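Shown here is one chain on its own, the form predicted alone, set out as structure tokens.
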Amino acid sequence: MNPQYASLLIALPLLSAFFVPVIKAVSKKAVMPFLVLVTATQTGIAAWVFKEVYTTGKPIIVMAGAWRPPVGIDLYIGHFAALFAFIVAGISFFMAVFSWRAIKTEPVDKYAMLLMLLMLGATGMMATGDIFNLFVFMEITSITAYALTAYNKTGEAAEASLKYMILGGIGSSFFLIGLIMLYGATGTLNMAQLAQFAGSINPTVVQVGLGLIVFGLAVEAELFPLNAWAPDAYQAAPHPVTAMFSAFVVKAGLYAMARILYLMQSASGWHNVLKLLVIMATLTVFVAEFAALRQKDVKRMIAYSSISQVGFIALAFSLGSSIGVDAGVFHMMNHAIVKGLLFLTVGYVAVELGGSRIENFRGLGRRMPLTALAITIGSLAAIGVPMFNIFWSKVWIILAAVKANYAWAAAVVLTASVVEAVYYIRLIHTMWFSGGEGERIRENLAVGTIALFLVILILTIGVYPNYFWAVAQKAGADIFNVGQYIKNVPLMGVGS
């Protein structure tokens, strides 16, 4: 198959979103099946791209209009983009199936359009080779996320969306100013060429420009102190959307931050920006874990837990070492699976029992045993218990931090992990040992099948981590090895 078909990862959700009004005009009941069909097709394309990149070992580069960069705009689908385009599409498919059961608020056609655009934006952020296009895809992701946060039309949803929009606007402004500074210093927006020129940029421009970009992306990446929007948005958004926020929207922001940082690694003053990020990441883990401990709503508690895990990933990326980047990518992958499972199952409980307050989880092990079992396994994985997937990525991050002489940061995040164990064990105890009233509920087959698949994936990675660690290492090298990245991009005026 022609590698250029990889551009369908962008084209399919965009064209399908515009096609939704036509589907609605034919039959309103066909909107949700259409959403499932589009996300399933996207997953198939992403699986083919993943196989192509990991089998050949070469990135797929799509040049718009056949113009070579930097004159033309390119998509660069290397090991990282191939892996996460697959994860984005897969999670979107699962949540489209869940949406069919969970979304009753009208208008569902607008919901379907926004969900496709969210998938498009996150995929584009990870696949583009142009920094301004990255900004455009980031805006598509953000604007659809604001709208989806407010979708339930409650006062809390409107407030959460407004808070997200204000902070997102500030973040976008920071990012754009930083981008302008780098463009002014180099005269290019192509990422590979930007990396070529990085060593010649004035150190002050690099530090200020990168600092602004890091702060700008910290909103999407949910890093302290710019993550105040996240818990409210997670709680107010429809349940499938919450899972998508945690599983890949935040990952797109983290990837963008890591990609731009490592493109500039030959610039003077680069390490000072990394030190800033180490502090932000460590504070994110610490503050989020203690905030989670105080929550009485399970969905909000998992939201804080997700923010904490994002801090782990940011810490790994800020270490400036290849092992740190590999560990960060491994944790991104594991976190997407575990939080996808937890938000899916907790959201399903909220749909069936009318909310996600901790009281609704009393006796869940008797009323919805399969769902409670899936939440239990997701909770144990999130804590980092051995034989579950996150154990391995946490170990690699701790080892990488110690090796990079950040033992204090490793100690802080390990301490915070103890707090994480306390509130997840409290949830498990509530589900299995706290009585509760009500009849047993017949559990949904589709949701149960998705949950079972994610549980099997968690256990498989936990027991046999080597293959998945190797995949993460290749994706990590795609970010860290900037020299190879520059060689792969057919820049105009370089080579034949």
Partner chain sequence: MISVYYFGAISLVLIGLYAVLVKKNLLKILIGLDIMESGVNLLIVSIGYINGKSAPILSEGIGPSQAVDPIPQALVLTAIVIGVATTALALSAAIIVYEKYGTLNIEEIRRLRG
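On a predicted model such as this, the values are computed, not experimentally measured, just so you know. Numbering follows the first chain given and starts at 1.
What follows is about the form predicted together with its partner chain, which we do not show.
The contact with its partner chain in the predicted bound form, taken as any heavy atom within 4.5 Å, belongs to 146 out of 392, 423, 146, 86. Only one of 160, 264, 201, 398 lies close to its partner chain in the predicted bound form, with a heavy atom inside 4.5 Å, and it is 160.
Not displayed here, its partner chain is approached by residue 180 to within 4.5 Å at the level of heavy atoms in the predicted bound form. Contact between residue 300 and its partner chain in the predicted bound form is found at the 4.5 Å heavy atom cutoff. For residue 106, no non-hydrogen atom is located within 4.5 Å of its partner chain in the predicted bound form, even though that partner is not displayed. A residue is said to contact a partner when one of its heavy atoms sits within 4.5 Å of a partner heavy atom; residue 169 meets this definition for its partner chain in the predicted bound form.
Only one of 96 to 104, 413 to 421, 383 to 391, 135 to 143 lies within 4.5 Å of its partner chain in the predicted bound form by heavy atoms, and it is 135 to 143.
Contact with its partner chain in the predicted bound form, defined as a heavy atom within 4.5 Å, is made by none of 351, 443 and 449.
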